[in-house]
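Quick heads-up: it's one chain on its own, the form predicted on its own, in structure tokens.
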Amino acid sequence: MIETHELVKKFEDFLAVDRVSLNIPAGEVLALLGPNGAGKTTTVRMLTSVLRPTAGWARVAGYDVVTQAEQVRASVGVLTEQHGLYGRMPADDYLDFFGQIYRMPAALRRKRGGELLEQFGLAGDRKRRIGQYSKGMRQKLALARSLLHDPPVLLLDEPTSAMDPESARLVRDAIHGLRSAKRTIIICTHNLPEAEELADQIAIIRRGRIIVRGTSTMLKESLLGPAEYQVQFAAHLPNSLPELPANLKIHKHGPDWLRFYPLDPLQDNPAVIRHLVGQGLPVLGLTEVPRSLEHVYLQAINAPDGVDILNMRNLANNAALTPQASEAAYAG
């Protein structure tokens, strides 16, 4: 649904986007992460045919962003950081106006506008001027505008910015529902837990280049090393630490818990439980130690230029190295 090949954008001597290649199928959500100035907004503007690429090509919903710009604009819904809302208009008139721009029939404009205002909790304020709306209300109205013409592609820049937790939850639930409707969605956000919740794939862009891409699980394994697991006990451990199966070692421990790195979680974790229970220890449970997308992001953004970031997988899979040792080896 979104394809780009070696997409480049230069502004005089400044290279804003450097050979970005993406292939995002229908029904998939991609989170595009990166620091301010990394090239996220410029990439989105090329995908909406607002900016013409310097080199490379892109197709959105099957249309070329240069030669079929009108069809591209009709196929995308865009939520930008600057909403461009018309403060003197009531919300329902505002949506009706944009429905006319999209050449929607009057009955369909009213139906879709009403449904979206209801969905985002704005129906009771539909006659109020937009200039009287709070930041969160304006954000929800801008999102409703992007969905008005039922586009197959959505490009969302900070979709829950300035929202209270309840409104943000409402918007995230709406995005989940849109994915099931077989849309292709790109989300640009600095909210990393939100990106991890919503996205099928994560792409991190730095200085105009995609430096790493994959699922959250794959990126954690590649950049942070193997998963660590914790066994929780119902009582304090004895003075001498329990034994694990011969191929495993305790990495950390506390009064009533211990941690280890399985070589193969599907085989090693059940063996650990059997081994500990066999020693008469009151095992409550075994869980993976949580690792956040923030750690992945910082590792990627701070990596030296010219280094294959995903080579971290080779270090992580070396049983002699913990993630901390892998980090040190990588940094060196």
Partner chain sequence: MQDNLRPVFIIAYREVRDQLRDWRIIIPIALLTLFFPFLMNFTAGQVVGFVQQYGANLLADRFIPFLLMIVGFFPITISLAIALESFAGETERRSIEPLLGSPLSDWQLYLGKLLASLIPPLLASYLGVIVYLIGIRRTANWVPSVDFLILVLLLTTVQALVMVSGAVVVSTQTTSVRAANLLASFIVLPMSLLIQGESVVMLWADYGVLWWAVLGQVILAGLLVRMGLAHFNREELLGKEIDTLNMRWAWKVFSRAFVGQARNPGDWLKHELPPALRRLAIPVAFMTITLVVVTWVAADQARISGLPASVFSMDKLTTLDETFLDQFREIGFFSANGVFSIWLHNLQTILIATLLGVLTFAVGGVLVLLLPMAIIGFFAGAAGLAGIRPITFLLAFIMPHGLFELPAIILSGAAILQIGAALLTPAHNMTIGEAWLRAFADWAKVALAVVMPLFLIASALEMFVSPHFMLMVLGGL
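None of these values were measured; they are calculated from a predicted model. Positions refer to the first chain, counted from 1.
Beyond the structure shown, there is the form predicted in complex with the partner chain, which is absent from this document and is the topic of what follows.
Peer 1: Using a 4.5 Å heavy atom cut-off, which of 94 to 102, 239 to 247, 132 to 140, 169 to 177 contacts the partner chain in the predicted complex?
Peer 2: That would be 94 to 102.
Peer 1: Using heavy atoms and a 4.5 Å limit, would one call residue 88 a contact residue for the partner chain in the predicted complex?
Peer 2: Yes.
Peer 1: Given that the partner chain is not shown alongside this chain, does residue 305 nevertheless sit within 4.5 Å of it in the predicted complex, heavy atom to heavy atom?
Peer 2: The answer is no: residue 305 has no heavy atom within 4.5 Å of the partner chain.
Peer 1: Give a yes/no on whether residue 45 approaches the partner chain to within 4.5 Å in the predicted complex, heavy atoms considered.
Peer 2: Judged by the heavy-atom cut-off of 4.5 Å, residue 45 is in contact with the partner chain in the predicted complex.
Peer 1: Report yes if any heavy atom of residue 34 sits within 4.5 Å of a heavy atom of the partner chain in the predicted complex; otherwise report no.
Peer 2: Although the partner chain is absent here, residue 34 would stay clear of it in the predicted complex, with no heavy atoms inside 4.5 Å.
Peer 1: Just to confirm, with a 4.5 Å cut-off on non-hydrogen atoms, which of 74, 181, 123, 234 contacts the partner chain in the predicted complex?
Peer 2: The residue from 74, 181, 123, 234 that makes the contact is 74.
Peer 1: Just give me the single entry in 83, 206, 251, 112 that has a non-hydrogen atom within 4.5 angstroms of the partner chain in the predicted complex.
Peer 2: After the contact test, the surviving option is 83.
Peer 1: At a 4.5 angstroms cut-off on non-hydrogen atoms, which residues of 29 to 63 are near the partner chain in the predicted complex? List them in order.
Peer 2: Heavy-atom contacts within 4.5 Å come from 45, 49, 50, 51, 52, 53.
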